[in-house]
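Let's start with one chain on its own, the form predicted alone, as structure tokens.
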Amino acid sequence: MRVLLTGGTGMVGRNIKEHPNTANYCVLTPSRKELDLTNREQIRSYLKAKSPEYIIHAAGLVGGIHANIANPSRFLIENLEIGCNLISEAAMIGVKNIINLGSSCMYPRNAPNPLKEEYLLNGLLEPTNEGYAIAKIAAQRLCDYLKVEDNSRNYITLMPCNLFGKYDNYKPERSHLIASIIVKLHNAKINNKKSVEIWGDGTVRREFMNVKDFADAVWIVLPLIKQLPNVINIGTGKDYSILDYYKKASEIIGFKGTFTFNLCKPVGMKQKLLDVKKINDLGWFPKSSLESGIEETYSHYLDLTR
């Protein structure tokens, strides 16, 4: 069966492509030149020509807290446009199966943890990534509406926790937390710096999962799509403080210095831990440890810098 995978050059998309289950399908991974998701006519023509049975929508403008604060309008506009364009055009063409990738930042900032799927739209969003979250919520709700209008459509949204791993982005303006930590600690190590700055006091808690495990979850749920709920969390069920991540990465990288805390910098939500009961009930659990994931990611970073 043909599967259209958008975002095939990004961290998530590349890991989905490299998963062994890819061999069971004809996976289409068009470049942006081949399929411009801001162009509805091009989307329509591509879907008519290729007739995919499934779409995995992994494309999007992503970044850490730095990027979201600096360009909230861009994160809103680009993600809103590509998500709604693709999903609505797929519905009109007759594509019956869509796995739309959401984000844990779609949950209300003050929702109780662990975050259950039913908490969506039950409170205000975290301001530091509100633009991105609104765009992702719009795509998720569009999937819901289109299912209501035609119950033969199997349109679901997977909600990953924070991801890291192979093919992450290590540029300061675009990097996520663990990639950013790796770069900071590595540079501190080779430059013999005695301390590294942490935004906030280090007590904020986050749940991170190796992106390879998320790719595994995508391929596990794809053949089960007809029996799945509209929204399903994908995570480890465990979280750590920001300081914990710095300490674990320091041990792996070999940074022997100390940490300073910049209390003037934004830190986002105090905690963001997903309730993963639904995916666990399907028999799926992540396979990678945090330590092995950081080791692999650091190795990938070193390969890029050689």
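Everything numeric in this text was worked out from a predicted model, so none of it was measured. A residue's number is simply how far along the shown sequence it sits, counting from 1.
What comes next is about the form predicted together with a small molecule, which is not displayed.
Chemist: Find out whether any non-hydrogen atom of Ser103 is located within 4.5 angstroms of the small molecule in the predicted bound form, and reply yes or no.
Modeler: Yes, Ser103 lies within 4.5 Å of the small molecule in the predicted bound form.
Chemist: Do Leu163 and the small molecule share at least one heavy atom pair within 4.5 Å in the predicted bound form?
Modeler: Result yes; Leu163 sits at the interface with the small molecule in the predicted bound form.
Chemist: Find out whether any non-hydrogen atom of Lys270 is located within 4.5 angstroms of the small molecule in the predicted bound form, and reply yes or no.
Modeler: No, Lys270 is distant from the partner.
Chemist: Is there a heavy atom of Asp36 no more than 4.5 Å from a heavy atom of the small molecule in the predicted bound form?
Modeler: Asp36: yes, in contact with the small molecule in the predicted bound form.
Chemist: With the partner absent here, would Arg109, Leu120 and Arg206 each sit within 4.5 Å of the small molecule in the predicted bound form, counting heavy atoms only?
Modeler: None of them does, since no heavy atom lies within 4.5 Å of the partner.
Chemist: Please determine, with the chain shown alone, which of 109-117, 153-161, 195-203, 123-131 has non-hydrogen atoms within 4.5 Å of the small molecule in the predicted bound form.
Modeler: Result of the contact check: 153-161.
Chemist: Check each of Leu142, Ala217, Ile82, Val231 and return the one that places a heavy atom within 4.5 angstroms of the small molecule in the predicted bound form.
Modeler: When the small molecule is considered in the predicted bound form, the option within 4.5 Å is Ile82.
Chemist: Could you work out which of Leu47, Ile242, Ile253, Ala59 is the residue within 4.5 angstroms of the small molecule in the predicted bound form, going by heavy atoms?
Modeler: Among Leu47, Ile242, Ile253, Ala59, a heavy atom within 4.5 Å of the small molecule in the predicted bound form occurs only for Ala59.
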